[in-house]
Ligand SMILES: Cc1cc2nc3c(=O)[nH]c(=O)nc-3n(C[C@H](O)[C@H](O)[C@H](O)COP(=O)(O)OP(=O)(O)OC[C@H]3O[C@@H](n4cnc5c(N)ncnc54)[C@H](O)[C@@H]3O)c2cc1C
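First comes one chain, alone, set out as C-alpha cells in the form predicted on its own.
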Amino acid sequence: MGKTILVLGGGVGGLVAARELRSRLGREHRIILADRTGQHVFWPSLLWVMTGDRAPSAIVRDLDPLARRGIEVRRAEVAAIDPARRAVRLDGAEVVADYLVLALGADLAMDAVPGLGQAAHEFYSVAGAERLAAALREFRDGRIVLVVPSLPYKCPGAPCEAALLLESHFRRRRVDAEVTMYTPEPMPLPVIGGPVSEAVLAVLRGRGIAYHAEQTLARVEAEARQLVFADGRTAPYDLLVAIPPLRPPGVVREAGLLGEKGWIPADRVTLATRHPGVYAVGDTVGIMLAHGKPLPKAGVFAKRQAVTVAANIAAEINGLGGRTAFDGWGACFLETGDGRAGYGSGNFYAEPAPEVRLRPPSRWWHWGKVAWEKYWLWKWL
C-alpha cells in the first residue's frame, strides 16, 4: 500500500526533501509539497538583488513544474498542524500523512525592536531587496548603518557580506558613503570564532568599515534618524539596513512543537522530532553544538538535513536497513565585493568547537558562487 509524505515549505529544505523522496520512492507513494507562495527563491543571490546585479526573475522559480516529476504541489497556507496525527490543514482541507517533514523556515521579525520595521531596510525578502536597491540608487552621500538587532538571524556571514558589498557598490559609483556595523555579537562569525573571525574583521577594517561589537539595539528613533542601544549610547544614520530578527512560524508555535530554546527540537543526527514520523529541517530547527552555541540557520544545513531525512524515510518505506546521518558539515561563499569572494567550509559538529577553514577572497570563489546559483536552479527546479 502506498504511503503519503507531506512536506511543508518550498525553501531549500522542503524542495530538496521532496525531490529526494521522489527519486527514492516508487510512484505508488504520494509526495506532496505545500507552500504558501508556490515559489522557490535562491536566497543567497538576494544580496545581488540589493546591489542591482540581479533581477528577481533570475532567482525566483515557480514550484508548479515539479508536478511533471511526480510531486503534488499545493499552493496553500498551512493553517494548522496536528503532529500527533501527522495531520495538516491546508487552507480549508485536511491532509493526513504517513510521514511529515516540517521545512517552514523562520519568519522575519522586523517588529521585534521598537521602530525598526518603520525605519530600516532589509534584503532577506525579494520585496525588501528590491526596495533597498531603489534606496541605494537614490543615495548620494552620508552614513549607512548596518545593524544586527538581535539573535538568531539567517546565514552567519550575511551581515559582513552586505557591508562589504555596500562599500564596494558605493566606491564604484564614487558616492561618498561611510559604512558602519553594529552587532550584539562579540565578533564576526562567533559560532566559528578564532582565526576565521579575525580574518573577516581584518577584511572589514581594511575596507574602512567600522565594526562595533557587543552593541544591543534597544530601539530606533526614525524621526531623529538614530539608533539607541541598551547601554544608552546612540548612533546616527542616513540609511539604515537591518538583519531581520527571526521567530518560528506561528503555526509551528500553535502546534506545540517548540522546545525550551524557542525552536523545534530534533535529533541532531536524524532530524526526527518527538512525534513518530515527523521530521524537521532547516531554520525552524534548534540544534545545539558542543561549545554551547546553536547550529547556524543557513541553506547549506537545510539541504543536507533534507537529504538525510528523505534517505531515512525512503529506507524505512522500502524496508532497507541502515541509517543516514546528518554530519554537521557546511560550506558557504562570503562575498567581499569587487568581483571577489571567500569560501568557508568545515565540520560544525566537531568537538570542542567547529573546525572551519576560510579560503581568502578571490575571483575564483566569486565565479564559483555564480556557477552554484545556476547549477542549483537547474538541478532542483
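Quick caveat: nothing in here was measured; it's all calculated off a predicted structure. Just count from 1 along the sequence shown to find any residue number.
From this point on, the text means the form predicted together with the named molecule, which you will not see here.
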Problem set entry | Location of the named molecule contact in the predicted bound form, chosen stretch of 279-287, 198-206, 185-193, 130-138 [non-hydrogen atom, 4.5 Å] | 279-287
Exercise. Counting only non-hydrogen atoms and a 4.5 angstroms cut-off, does S345 reach the named molecule in the predicted bound form?
Worked result: no
Exercise. Is the gap between I313 and the named molecule in the predicted bound form 4.5 Å or less for some heavy atom pair?
Worked result: no
Problem set entry | Contact of V12 with the named molecule in the predicted bound form (heavy atom, 4.5 Å) | yes
For this session: Check whether V300 has any heavy atom within 4.5 Å of a heavy atom of the named molecule in the predicted bound form, and answer yes or no.
Result: yes
Seminar exercise, completed: The listed residue (M110, V148, C155, L239) that reaches within 4.5 Å of the named molecule in the predicted bound form by any heavy atom is C155
Problem set entry | Option touching the named molecule, based on a heavy atom within 4.5 Å in the predicted bound form, out of F170, W263, F229, Y124 | Y124
For this session: Output the sequence-ordered list of residues from 78-109 with at least one heavy atom within 4.5 Å of the named molecule in the predicted bound form.
Result: V78, A103, L104, G105
